[in-house]
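Before any questions on binding or motion, here is one chain by itself as structure tokens, the form predicted alone.
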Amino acid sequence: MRGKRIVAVLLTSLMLLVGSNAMAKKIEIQWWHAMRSARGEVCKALIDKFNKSQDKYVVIGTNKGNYDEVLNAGIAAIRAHKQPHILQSFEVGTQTMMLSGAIYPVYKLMSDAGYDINWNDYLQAVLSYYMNKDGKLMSMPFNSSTPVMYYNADMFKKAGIPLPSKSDPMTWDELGTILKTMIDKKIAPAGLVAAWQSWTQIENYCAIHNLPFASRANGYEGLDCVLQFNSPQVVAHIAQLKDWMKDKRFLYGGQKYQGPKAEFIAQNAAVYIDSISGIAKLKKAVKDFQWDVAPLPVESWMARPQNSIIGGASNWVLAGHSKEEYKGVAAFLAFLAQPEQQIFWHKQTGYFPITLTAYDELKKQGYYKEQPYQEVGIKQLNRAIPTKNSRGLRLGYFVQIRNIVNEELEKVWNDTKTPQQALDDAVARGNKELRAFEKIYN
């Protein structure tokens, strides 16, 4: 009897050992990202689903902080030769990542791993942002968005103002009149708040109005570009917002999204400009009023507005890992691009589905009839053939340049500088960053 027990124990131990070895043979894929809170939970759900779908690889997702912190962590890891396989980097880091020499281009990775990708099935306005000058995809789009205009529908109704169209943008003049009406009637304490002011009020303003943000096709055609966003039209737009501060039609809520979003949720502002991905946050946070989405306003002189440009981030594959590990990376990226995962991602976060197949499937399901605001950003992004001014921005040290723009705009809001002086200074300071970048990579 005792002998049988010993045999049983040995067999059990052997089975556990075999199982343990099988688990140990799974190849780990490290993914550093910036997705937290509700978006982080969606990321985790995608990772868990991939890990359960096969037995060769295990993706380990790690939130490394916000976009700036993830990029800085990635740079430090590359220098220490401890880089993850996949690094999520926001769109302003594209030029830096592209020229870093530390990446494995996605088009090559997928080809090397045997994936025959139909790149024409992807949203081209998104895909082109991450292509090199030869039209080759360098990183895989992941969380792509564009700014839109949220509004408090209850306040509009109370003021007797028709709700904005979901396809035809109102003019900035019309918006100014609406906001004044709501403030004069004491329906709204303030009018407009805007998140990510550089992205929404300078970069996308230039794109939609077909104005250059920088020369050389916004940097796509050469590192020797110079900034040009201190044009009369952009200066006039910033001057108008500054003028609106006098009667509270414009309320400055901070450089990023937290402050402006809080003002909108608290109903201290009637209109809120932010990423289309803000839908997920508003769904979760707003319980006491109806809100909706409209395209960004345009100037009355812009009869046919251009497309807006994207924000968000893409997944960069970092060099220095084994061939077997890269097979796992390619499998994970291919998994994320599947229509089923893209539909899930879009519904849960508001970020775009990156393939036409996923977009068409959503339309077939009637999703946009049930949730029409989810399609506002996609239509705005695709309403015109991108020009050299609306394709996107490809600038070195763009993180620093955007910080400079934010600093100079704040000097307008606090009466330290005029709009012209602030934008001239932002251009001069930003050009120094461009020349420093050019010196390194030319």
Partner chain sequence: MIKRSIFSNKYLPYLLILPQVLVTLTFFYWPALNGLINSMLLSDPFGLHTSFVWFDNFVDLFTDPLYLKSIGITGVFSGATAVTSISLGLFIATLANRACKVKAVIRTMLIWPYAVAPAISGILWLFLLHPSYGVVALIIKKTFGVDWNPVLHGSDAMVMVIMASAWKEISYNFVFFIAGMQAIPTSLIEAAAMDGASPFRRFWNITLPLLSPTLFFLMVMNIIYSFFETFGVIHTMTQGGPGGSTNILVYKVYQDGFIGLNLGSSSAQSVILMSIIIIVTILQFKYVEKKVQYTG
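Rigid core here is just the name for the largest C-alpha set that superposes within 1.5 Å across the two forms. Computed from a prediction, not measured in an experiment: that's the story for all the values here. Residue numbers count along the first chain shown, from 1.
Another form, the form predicted in complex with its partner chain, is not on view; read the next lines as being about it.
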Inset, instruction - Could you tell me which of 249-257, 120-128, 306-314, 142-150 sits within 4.5 Å of its partner chain in the predicted complex, going by non-hydrogen atoms? - result: 249-257
Inset, instruction - Would you check, heavy atoms only and a 4.5 Å threshold, whether Tyr397 touches its partner chain in the predicted complex? - result: yes
Inset, instruction - May I ask you to state whether Lys411 is within 4.5 Å of its partner chain in the predicted complex, using heavy atom distances? - result: yes
Inset, instruction - Report yes if any heavy atom of Asn72 sits within 4.5 Å of a heavy atom of its partner chain in the predicted complex; otherwise report no. - result: yes
Legend entry - its partner chain contact in the predicted complex: Arg79, any heavy atom under 4.5 Å: yes
Legend entry - Full three-residue contact with its partner chain in the predicted complex, heavy atom 4.5 Å, for Lys44, Asp55 and Gln342: no
Inset, instruction - Would you kindly say which of Met170, Ala262, Ala334, Ala280 lies with a heavy atom within 4.5 Å of its partner chain in the predicted complex? - result: Ala262
Legend entry - Listed residue (Leu211, Met245, Met138, Ile183) with a non-hydrogen atom within 4.5 angstroms of its partner chain in the predicted complex: Met245
Legend entry - Rigid core superposed: Ala73 CA moves 2 Å or more between this form and the one not shown: yes
Inset, instruction - Take the rigid core as the frame of reference and indicate whether the C-alpha of Ala319 shifts by 2 Å or more between this form and the one not shown. - result: yes
